[in-house]
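Just one chain is shown here, as structure tokens, and it is the form predicted alone.
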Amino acid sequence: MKTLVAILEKLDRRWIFLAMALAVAGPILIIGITGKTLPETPTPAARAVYNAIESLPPGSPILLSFDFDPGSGGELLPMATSLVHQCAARGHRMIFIALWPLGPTLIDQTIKKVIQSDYPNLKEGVDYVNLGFQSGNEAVMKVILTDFRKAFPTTKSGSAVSTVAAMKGIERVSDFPLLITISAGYPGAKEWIQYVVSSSGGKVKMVTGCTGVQTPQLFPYYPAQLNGMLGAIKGAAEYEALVNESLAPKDHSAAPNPKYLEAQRRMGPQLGAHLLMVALIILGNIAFFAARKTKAGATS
């Protein structure tokens, strides 16, 4: 024990930096070479998001609000990719909006990455539409409770919403059987719950994907006002696993496209880093208490 304490006390911190680099780089290399990711066991909150989309009849209109910017893309873009992937595969109508200024750009990127690439049969304006950004935060949410087209009169490209086939039958937000918000902060999931879900008297069913920082704030709303939740990159990985499994060929002859494995691929280095941190904390505590015991023995 004394030898261990002496080694830890004299350990150059650069060895710790090297160990962390290896803990992160090792899983990245292994996953990159083998193409295999860590197995995921979906939590009830993640499974609820999947079931909320899966249970709707084909052609159902779904409102997707991109309430984040590129700064939170590491956690939220994999969620957005898989959410659109499942919606497109099930033939739902996707109505995209954004309450953050950079949201429409991220919507276009996701549409290009998923819909235009893998679902070229889906037509813009018929099967999906990007209505763009609208400023006003909670004010926008209050308006769409009674008049959706007043808040979003035109599409991002400038077409009148009244002429868009995808918006047929949509007068207010309660006309959507499901609201999905991908949220990084304010305005986001919490405001959608407070100003739309609660104000609608429970008529609006909502699920969300959110950052790790926001997740603890939303747990009190689940599963009453919030029907399902994807928390941080872990929630994204769980949801990815569900979607990929459901859409995989029955004979498993083809592996999922790497773009639908982004979150699962990131879980490897995260696990390696966390295990190293836990090990260092344990070793540090052992060294601390051992040194204190030695010092107490010497003074007595």
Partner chain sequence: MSGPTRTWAIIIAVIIVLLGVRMSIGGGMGRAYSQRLEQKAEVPANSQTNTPARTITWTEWHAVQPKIYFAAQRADPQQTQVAFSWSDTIGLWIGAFFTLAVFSFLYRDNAGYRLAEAVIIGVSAAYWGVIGFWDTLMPKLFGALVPSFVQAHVMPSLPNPSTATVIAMTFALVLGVLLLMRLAPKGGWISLWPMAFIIGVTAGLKIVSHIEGDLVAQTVATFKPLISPQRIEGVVEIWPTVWASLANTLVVVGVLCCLTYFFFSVDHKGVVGRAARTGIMYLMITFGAAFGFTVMGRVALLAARIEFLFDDWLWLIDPAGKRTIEVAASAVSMLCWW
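Throughout, rigid core stands for the largest set of C-alpha atoms superposing within 1.5 Å between the two forms. Residue numbers count along the first chain shown, from 1. Small disclaimer: the values here were computed from a predicted structure and weren't measured.
We do not show the form predicted in complex with the partner chain, though everything after this point is about it.
Chemist: Can A273 be called a contact residue for the partner chain in the predicted complex at 4.5 Å between heavy atoms?
Modeler: A273: yes, in contact with the partner chain in the predicted complex.
Chemist: At 4.5 Å between heavy atoms, is A290 in contact with the partner chain in the predicted complex?
Modeler: Outside the cut-off, so no.
Chemist: Evaluate G74 for contact with the partner chain in the predicted complex, applying a 4.5 angstroms cut-off between non-hydrogen atoms, and reply yes or no.
Modeler: Yes - in the predicted complex, heavy atoms of G74 and the partner chain come within 4.5 Å of each other.
Chemist: Since only the chain is shown here, I'm wondering whether P269 would be in contact with the partner chain in the predicted complex (any heavy atom pair within 4.5 Å).
Modeler: It does: once the partner chain is placed as it appears in the predicted complex, P269 has a heavy atom within 4.5 Å of it.
Chemist: Quick one: which residues from 225-240 get a non-hydrogen atom within 4.5 Å of the partner chain in the predicted complex?
Modeler: A232, I233, K234 sit within 4.5 Å of the partner.
Chemist: After the core is overlaid between this form and the one not shown, has the C-alpha of L38 moved by 2 angstroms or more?
Modeler: No; that C-alpha moves by less than 2 Å between this form and the one not shown.
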